[in-house]
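Same chain, two forms, each on its own as structure tokens: structure 1, then structure 2.
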Structure 1
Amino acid sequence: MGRKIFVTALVMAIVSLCWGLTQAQEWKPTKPIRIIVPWGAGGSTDQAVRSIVADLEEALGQKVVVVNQPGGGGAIGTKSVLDAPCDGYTWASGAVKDLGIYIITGTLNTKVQDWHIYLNSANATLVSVNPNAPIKDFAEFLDLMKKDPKKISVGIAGIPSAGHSAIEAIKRANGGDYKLVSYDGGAPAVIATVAGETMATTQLLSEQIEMIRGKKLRPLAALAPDDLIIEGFGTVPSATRWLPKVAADPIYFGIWIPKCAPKEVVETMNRVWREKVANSKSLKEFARLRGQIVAPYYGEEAFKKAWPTIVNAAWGLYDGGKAKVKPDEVGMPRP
């Protein structure tokens, strides 16, 4: 009898200890959480973050405030997160590719390994032109890059950005050149092409999709492994039809929490991502409307998904003469 009582007490003690540890890992924020979007309102980062804000607020029981802080190719807003108290209440966001190459451009001394990565969606970049552009297809676009590159003005959201990585990847695979025109965000870059300030833009599909559906942009090719089907428009051919070796990696978006954040914040966010974000109806609807892929990865799996895109973008900057640090000096061997 005494042995049974002892065993029962021991089991209860273990259960109590495990319950206590679980409780210690549960984070209950007591004030609003800020997510810094390092680009202007209306761009892909802004859209991707706002698609899950309601889910985060419901899961955490606290207000989540999105703050747009553009400048420096995303570095200024990201640095403000690093400069904030590392208490779990200030997060960064964006394309994980950008986060991984700040150290290559010399704009910010941080690496992707310094952050906890939470991805929510994946996007593709498109080469689109103003409908009145004097080229009929991507073949003529590539030809003009070689014959008269000054005529190929390309609007992008700064260096680094998805649009910049895309046109640099095309340049490496095709040869020739182009005229770079930088704007403070993806939305302004797309609008500039619609207005005729630039001939083309290579920004993300989510930033272009409404203009494509409205026939204010004419897509020529998608930097995607396969042809891209846009709901409400049709099929955009893959750039690999013309450039088989062009880098056509998806661009992953999400939020980032500094590695110095308290353990209970990270454990709670892992659970929220697994249980709430992965099943988010608003995220799925956002992806459907904006031509994106739902990609609710976190932790090591998120890193593995993002790493090839980061490395390709880093070497693209280096080969294009726009890097201050050689990628293999910071752990990025040439692919």
Structure 2
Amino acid sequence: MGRKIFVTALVMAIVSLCWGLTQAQEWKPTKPIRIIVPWGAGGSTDQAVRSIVADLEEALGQKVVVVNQPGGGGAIGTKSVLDAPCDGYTWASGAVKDLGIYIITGTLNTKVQDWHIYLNSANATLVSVNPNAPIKDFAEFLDLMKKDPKKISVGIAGIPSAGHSAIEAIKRANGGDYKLVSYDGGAPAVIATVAGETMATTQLLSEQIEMIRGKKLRPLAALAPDDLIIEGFGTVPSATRWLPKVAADPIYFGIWIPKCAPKEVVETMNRVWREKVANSKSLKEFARLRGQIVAPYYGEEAFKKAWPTIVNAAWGLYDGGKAKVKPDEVGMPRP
């Protein structure tokens, strides 16, 4: 914790120093800003972005329009941001993990280093089963993965997705196998487990939370460093209790601005993030209801948070045979 504060202070000091040196003017947008959400309206990325739009509008004094451009695992929307004029009026968004692995899946030639990243929330993934599943706890789940993997059908939102990274991380730490069943998104994957079509799901907490509160899903373990407290339910043990080495990073969501954007845009956004988003009431309330963690990070700090999740996801894809580029060829050594 102390280190986090130190890093924050350092970053702030550097930023304010730069501020003073360059004497950048304040950016006053003169036309509406577009945030491209590369997933469908109503999904978890969409919700995460929309939860801060009101604050951004207030801080920038300009309309902020959310445009949904789904398809290609996020590649289509992100590409259209790259194709748009780099004037700071078109932003991308999504899960930072996805932004980092387009280069691995070969869908888009962009790296996370090409963007200024502004994180707003983080979301843990959870292993949950249908309440009638013949499994008592996570230990039995892991056991069954080794003994009879055909029995473990896991509903996820496709490849790549938070759920896929999670179950692949568990598989890497535990061994064994599972039956992968892809759905159109996190919500349908969760619903399929509720309906009993699949036995388990490893999607995001925000997608499961109402079902868990309503006792229609039984959470076994959370892929988070510590036990997870869910308001209106209780505590979910951390997966690290059983698998000390499992990659248990949350999924970070946020918005991205291409590095080529004018300097004053970036500086204004840094300030907005520091002053406005970090203290956003609507973001806090949204996070509380949807079981998320407020994560208002930007700059170097955001990158430090994001990088391990990207590397893990990249190697997960590589080991699963879904990578076109070997991660260490693009500067991601095996963790």
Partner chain sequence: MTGLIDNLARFLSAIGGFTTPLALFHMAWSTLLGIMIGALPGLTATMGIALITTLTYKLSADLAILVLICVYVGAIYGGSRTAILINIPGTPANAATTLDGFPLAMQGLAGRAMGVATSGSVLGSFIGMFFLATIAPLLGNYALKFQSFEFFWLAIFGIVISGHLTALEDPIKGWIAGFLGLLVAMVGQEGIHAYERFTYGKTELLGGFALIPAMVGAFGFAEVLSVMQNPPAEKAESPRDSIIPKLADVLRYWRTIIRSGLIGTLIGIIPGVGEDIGAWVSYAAARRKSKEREKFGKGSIEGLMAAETGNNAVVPGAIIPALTLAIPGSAPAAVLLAAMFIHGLRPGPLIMVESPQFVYQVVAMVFFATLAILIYGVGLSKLLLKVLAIPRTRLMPVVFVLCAIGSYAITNRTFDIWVMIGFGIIGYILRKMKYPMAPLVLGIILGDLMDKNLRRGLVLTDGDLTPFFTRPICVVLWLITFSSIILSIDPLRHLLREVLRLVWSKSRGPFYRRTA
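The shown structure was predicted, so the numbers you read here are calculated from the model rather than taken from an experiment. Quick note, the numbers are simply positions in structure 1, starting from 1.
Note: the form predicted together with its partner chain is the second of the two, structure 2. Where the chain switches from one rigid part to the other between structure 1 and structure 2, the hinge residue selected from 206, 222, 249, 165 is 249. Smaller rigid part rotated by 13 degrees relative to the larger one between structure 1 and structure 2 (C-alpha superpositions, whole degrees).
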